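Single chain ahead, by itself, as structure tokens, in the form predicted alone.
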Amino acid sequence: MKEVFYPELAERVFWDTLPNGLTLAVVPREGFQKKLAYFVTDYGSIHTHFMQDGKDCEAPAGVAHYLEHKLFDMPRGEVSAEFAALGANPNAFTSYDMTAYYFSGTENFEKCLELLLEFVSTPYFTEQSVAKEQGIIAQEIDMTADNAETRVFENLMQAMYPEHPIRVPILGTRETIAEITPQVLEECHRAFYTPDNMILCVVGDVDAQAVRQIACRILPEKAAPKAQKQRQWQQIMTCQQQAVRDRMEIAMPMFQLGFKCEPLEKGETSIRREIIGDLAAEALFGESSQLYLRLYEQGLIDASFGGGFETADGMAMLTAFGDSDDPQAVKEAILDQAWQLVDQGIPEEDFLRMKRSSLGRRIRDLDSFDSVCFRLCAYHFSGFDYFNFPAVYRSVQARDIQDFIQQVVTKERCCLSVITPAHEEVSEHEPK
């Protein structure tokens, strides 16, 4: 294993690539009782179209999340009880572009790691269990449909991205999950759960060589052919639909505003663009910005207001969201503030303060084992060693932020999603 020391963060990571292609990252934290392991595949809900064994495959929406549920099943039963007996807490999540399985605990670490690698790499799907899961996930879909924050976001994605699969919810729909069979699950598992499409990340007071030995013993010895994702997604930067409106039983109007950005590239360019996007959001409408204070004093926003730079495979956007009686006025204010920042520039003192604050937040996040695992895995799939982020911050200048705002924060790239209380009349301020 290769030991890499990152002097600016005083961090060490043991890196390795196993003969089967699996990437291994072990972050030692001596003296800590807690241990955390993430086993992650570079496969999420948007990867429904792929080539496997020379065959063009199209899976129903929701398969990645469905797999996340069903992999906890083993021929001998559901594995959560086994983790509990070992004193560990397992969990999993599916995002648009990756799926992660993990556990944390203070004892029996090696046995828990063996169990994690075993159940994720052992597909076991029966007709009965898959059919039963459809009802469970259908209920989950209904619950998210009743969540206003989820609805306002999903409406925005459907309006902004007519081609990109991010327009489809991670869970899929009742119609698409009805198409999922054991055969579909097996095909997608074989396509994306190959070691060379995955990373195992461990944080804690553990022996890196012991982790490697367990991975070599439990997982296949050789690499298997993995699927080739098909990303033929149309990338038009303008929003053909600039507003979308819905109604729900909520107390006051809720909105989310999105500005389309070019999809991120791989490597250092990716995180640099992300840092610039985050700083642009802070400069425009962060809590310390003039615009935030003005909107708050005018009663146009409240403590729910926030935003940032969001990305997934093949898409990126600058976004702001919150509760407001006049979302259209908030949108216009952000556009006006963008024009002022481009015209007048960002004061150097403000820029340096924002950059120090953003860098400090990322460094503080390293105190969280979960944050370390998540970021190392996510950025690995983007082709970047996350612990090199301090150097990227040094390369970002105020002019980069202004150029980003000038390019991205325009009416043409903007879409506004609003949910209003079901009992209210449509106001003149609502987007039509």
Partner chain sequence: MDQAIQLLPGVTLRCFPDHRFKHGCLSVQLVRPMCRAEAAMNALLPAVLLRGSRKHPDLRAITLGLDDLYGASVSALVRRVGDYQTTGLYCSFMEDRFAMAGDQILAPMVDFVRELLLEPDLEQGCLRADYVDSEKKNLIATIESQLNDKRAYAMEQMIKRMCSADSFGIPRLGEKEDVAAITAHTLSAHYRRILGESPINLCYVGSAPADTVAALLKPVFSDIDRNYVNLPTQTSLCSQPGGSHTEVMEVNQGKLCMGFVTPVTIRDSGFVAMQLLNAVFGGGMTSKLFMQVRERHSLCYAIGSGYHGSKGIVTVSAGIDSAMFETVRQQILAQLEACRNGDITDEELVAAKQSLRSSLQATHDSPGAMENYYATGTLSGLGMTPDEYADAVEQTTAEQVAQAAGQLQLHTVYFLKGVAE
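Residue numbers count along the first chain shown, from 1. The model shown is predicted, which means the values in this text are computed figures rather than measured ones.
This next part talks about the form predicted together with its partner chain, which is not shown.
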{"item": "Heavy atom within 4.5 Å of its partner chain in the predicted bound form - residue from Q183, Q290, Q344, Q209", "value": "Q290"}
{"item": "Option touching its partner chain, based on a heavy atom within 4.5 Å in the predicted bound form, out of K266, R361, R76, R217", "value": "R361"}
{"item": "Residue contact check: A191 to its partner chain in the predicted bound form, 4.5 Å heavy atom", "value": "no"}
{"item": "Contact test in the predicted bound form: H380 vs its partner chain, heavy atoms, 4.5 Å", "value": "no"}
{"item": "In the predicted bound form, V168 touching its partner chain (heavy atom, 4.5 Å)", "value": "no"}
{"item": "is_contact(G31, its partner chain) in the predicted bound form, heavy atom dist at most 4.5 Å", "value": "yes"}
{"item": "Interface segment, criterion being heavy atoms within 4.5 Å of its partner chain in the predicted bound form, picked from 98-106, 230-238, 306-314, 117-125", "value": "98-106"}
{"item": "All of V13, R375 and A391 with a heavy atom within 4.5 Å of its partner chain in the predicted bound form", "value": "no"}
{"item": "Residues within 4.5 Å of its partner chain in the predicted bound form, restricted to 139-158 and counted by heavy atom", "value": "Q139, E140, D142, M143, A145, D146, R151"}
